[in-house]
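Given as structure tokens, the chain that follows is alone and in the form predicted on its own.
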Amino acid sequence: MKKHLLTAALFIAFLLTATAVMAGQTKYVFFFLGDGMASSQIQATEAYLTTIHGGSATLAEDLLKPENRLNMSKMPVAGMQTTYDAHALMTDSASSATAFACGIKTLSGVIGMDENKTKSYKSIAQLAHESGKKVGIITSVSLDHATPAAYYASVSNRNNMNDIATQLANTGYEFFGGGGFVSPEGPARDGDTSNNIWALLSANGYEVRNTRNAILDLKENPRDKVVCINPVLPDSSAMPYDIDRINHYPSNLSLAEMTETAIANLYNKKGKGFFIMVEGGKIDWACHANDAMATIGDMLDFDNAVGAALAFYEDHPKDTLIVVTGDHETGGMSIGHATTAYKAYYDKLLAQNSSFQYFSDNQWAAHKTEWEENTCPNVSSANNLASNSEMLDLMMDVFGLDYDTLNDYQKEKLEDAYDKSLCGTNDNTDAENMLLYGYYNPIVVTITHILNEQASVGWTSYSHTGVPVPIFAQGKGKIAQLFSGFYDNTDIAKKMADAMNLPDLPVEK
């Protein structure tokens, strides 16, 4: 009897070991990070999809149709993760990315180091590269921004962007794509390095491509080491919001196209596979500014990039793992508003054709130049906005906001915001203005607030919030099941390391 029990125990141990080994052989691994994305951003985007497809965002039968669901929310495994960092319930992108990449808690603003800023840690991308996998890092913001940086750099201050870019150039990773560099030829701040990143990239064998055709050519003619930078970077060396790419910058690649290019460039049937990290970085920026349509546009582009990975998975189901999550929620976005109760009117958003950023930099800038000199000496007038048909037309043309349909309170808020943006003053106290506008252009953020409220979308913050964030997975055999449950963000890195048979995290440099 004892002999049979021993044999059975050995057999079970063998099966468990074999299962672990098989699980550790995941060849192709994708990690998608929607910066600022949580459940509200996902639900708002699906309600928008339902509306543009002719359905109603108030009917379950319409919301549940497959064409109205995101790729990520249709993935078979779902979980939830906590997002706080070592000393803050509301994390920033540096500490959260460090949790995802290195499996440790740290301080906001710190990348790839512990909270004492004395120890540096290897990321799962570095460990994957050391194991023989190719690595691709893609983002819609600058390549030296906090989230992508966590996968190749260790710095005590996320604003040391020349130092971060220097470490990028020394990685040997095969593919970088998306935005550019914030400070490629000198220090971004005191204490930063002062290297010429372009010269360093060239010396290390990197080819830089920055036209649409040259980047897409990599699908047919891959290169060993390449940095792909979109041709138009309108703010902070980042890609434009996708709503603006579609309407104003057709020469740019979408995040989905950049992901498809990375897959084609890195794929080698005979190789050891790849690890690709894709960040939808401007979801966060749009939420900071409380612009629902800019958020939804970048959510759709991000989800289309997930779709590119799922298409690859269909051809390589036994060798591929895809994980999708957000690093934190931004803006305190709500599905519902005090003025709309249990109703939803997402059709109100359909006429907006530019982001807050494009409007502020272009139409608003031109309007201010034209009207500031004549209006501001009489800024105390109660109807500066109401009497300016040009501005009312702009609100209608860009945002679909019809001034004549607004109530008196909405008109009053717009009037105050218009005076503040045009002339720098209004009747509000400084505390009122900070609450209403944060550090954003008052007239632009007030327009998006009113438009969003009409649709039944609310905002509580211009910063990050501390809510848990969903996570979705699909992959080889039962490997995706690792990501079900409710756990900490540091566990994601550890689970991905297990999936790739990498050393147990954290790993000091």
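Don't overthink the numbering: it's just position in the shown sequence, from 1. The shown structure was predicted, so the numbers you read here are calculated from the model rather than taken from an experiment.
Unshown form predicted in complex with another copy of the chain; subsequent notes refer to it.
By the criterion of a heavy atom within 4.5 Å, residue 76 is counted among the residues contacting another copy of the chain in the model of the complex. Another copy of the chain is not shown here, and in the model of the complex it never comes within 4.5 Å of any heavy atom of residue 52. In the model of the complex, residue 377 stays away from another copy of the chain, with no heavy atom inside 4.5 Å. Mapping the unseen interface onto this chain, residue 129 falls outside it, with no heavy atom inside 4.5 Å of another copy of the chain in the model of the complex.
Within 4.5 Å of another copy of the chain in the model of the complex, a heavy atom is found for not a single one of 159, 211 and 476. Residue heavy atoms within 4.5 Å of another copy of the chain in the model of the complex occur in exactly one stretch of 77-85, 261-269, 389-397, 241-249, and that stretch is 77-85. Residues from 274-302 that approach another copy of the chain in the model of the complex with a non-hydrogen atom within 4.5 Å are limited to 288.
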